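Taking the form predicted alone, here's one chain by itself in structure tokens.
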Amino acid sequence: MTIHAADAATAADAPKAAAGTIASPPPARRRRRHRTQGQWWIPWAFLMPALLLFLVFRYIPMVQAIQMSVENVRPYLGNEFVGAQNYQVILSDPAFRDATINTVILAVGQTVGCLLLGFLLALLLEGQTRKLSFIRSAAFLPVVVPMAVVAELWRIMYYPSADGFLNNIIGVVGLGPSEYINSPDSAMWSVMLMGIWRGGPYDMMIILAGLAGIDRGLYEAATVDGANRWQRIVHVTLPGLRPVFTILFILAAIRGFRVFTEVFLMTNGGPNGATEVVMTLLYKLGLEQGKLGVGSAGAVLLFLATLVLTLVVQLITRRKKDA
């Protein structure tokens, strides 16, 4: 009886011992977990160089620009607080109003042009064959080429004489030579065309990724219902790409409002201010004329306009999703 009672007690304690064994990990695993939790700083150590660069070259200058926008900046003499005077000066300047109009025209034209070109290229180059991969890579080259190289290339193509590159091409169809960036009437459209040529392939790659996420069953169902290719694009492709278009619109609009390099390298705001945009005007006010306070006020206004545009697009998109 004593032996059976001892066996019963051992059998009753066995599940508890097993449960205790499962609940408490072995010492080696505990030490390994402790070491992992104690090394939480390793990801931050890898991120630290990028965070420092962002802090030094982006966030600190932004704070300083906001501070200088309410001051009369006097190097080596000390700044004077002037309140909203710099904002009044920049808003009452006719050159700033003209530059704002040019910026909006250029931003709208490049945004619409890049979206259309990117969408057409994505439809033409959608697929998985090697030939299409090579063509997509070739089409994407303008995006990775430095803007200085692109601007100089287009300056050569825009050579205004009759034997210029583009003038030779349009001369084949009987059109006369154009002055392109040397004429106030065509300079803005010439800069816009170059921006569309460079930005369209970027939109193409994002749209291609969006096309890959559309359910192929929807195309098959539309085909069974008798829809042609155009109807499939309108009723299947475009609704499926609505989130992609929203992201691309925001990115293109921000890129259009902050356009500087191509205008500065190709025309520097000329001729006669025909291509003067906000960024080139602020550059001239701040670094060429020494009006750092006024230029900072214009930069803050440009930042607020970009922020408002982004928030408006986000609100409109969210309301459409909720509806």
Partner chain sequence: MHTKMKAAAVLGVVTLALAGCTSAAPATGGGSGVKQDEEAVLEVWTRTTPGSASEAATIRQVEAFTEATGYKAEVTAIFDDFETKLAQRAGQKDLPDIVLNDVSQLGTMQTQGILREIDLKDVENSKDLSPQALEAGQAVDGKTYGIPYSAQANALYIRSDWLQKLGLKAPTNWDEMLEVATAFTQNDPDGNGQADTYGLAVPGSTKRGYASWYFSNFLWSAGGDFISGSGDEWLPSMSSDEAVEATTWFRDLQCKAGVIQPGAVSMDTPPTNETFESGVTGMYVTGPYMMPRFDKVLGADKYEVVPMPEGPKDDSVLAEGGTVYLMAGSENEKGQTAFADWYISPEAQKFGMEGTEAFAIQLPVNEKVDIAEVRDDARWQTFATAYKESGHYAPTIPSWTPVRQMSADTINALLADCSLDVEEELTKLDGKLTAELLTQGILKQ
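Small disclaimer: the values here were computed from a predicted structure and weren't measured. Residue numbers count along the first chain shown, from 1.
Keep in mind that the form predicted together with its partner chain is not shown, yet the notes after this line are about it.
Listed residues 207, 90, 181, 194 were compared with its partner chain in the model of the complex; 181 is the one with a heavy atom within 4.5 Å. Distance criterion of 4.5 Å from any heavy atom to its partner chain in the model of the complex singles out 77 from the list 173, 138, 77, 212.
Using a 4.5 Å heavy atom cutoff, none of 101, 112 and 220 lies near its partner chain in the model of the complex. Looking at residue 63, you'd find every heavy atom of it more than 4.5 angstroms from its partner chain in the model of the complex. Its partner chain is not shown here, and in the model of the complex it never comes within 4.5 Å of any heavy atom of residue 240. Its partner chain in the model of the complex comes within 4.5 Å of a heavy atom belonging to residue 48. Interface membership of residue 160, defined by any non-hydrogen atom within 4.5 Å of its partner chain in the model of the complex, is confirmed. Along 283-315, a non-hydrogen atom within 4.5 Å of its partner chain in the model of the complex is carried by 283, 284, 287, 288, 289, 291, in order along the sequence.
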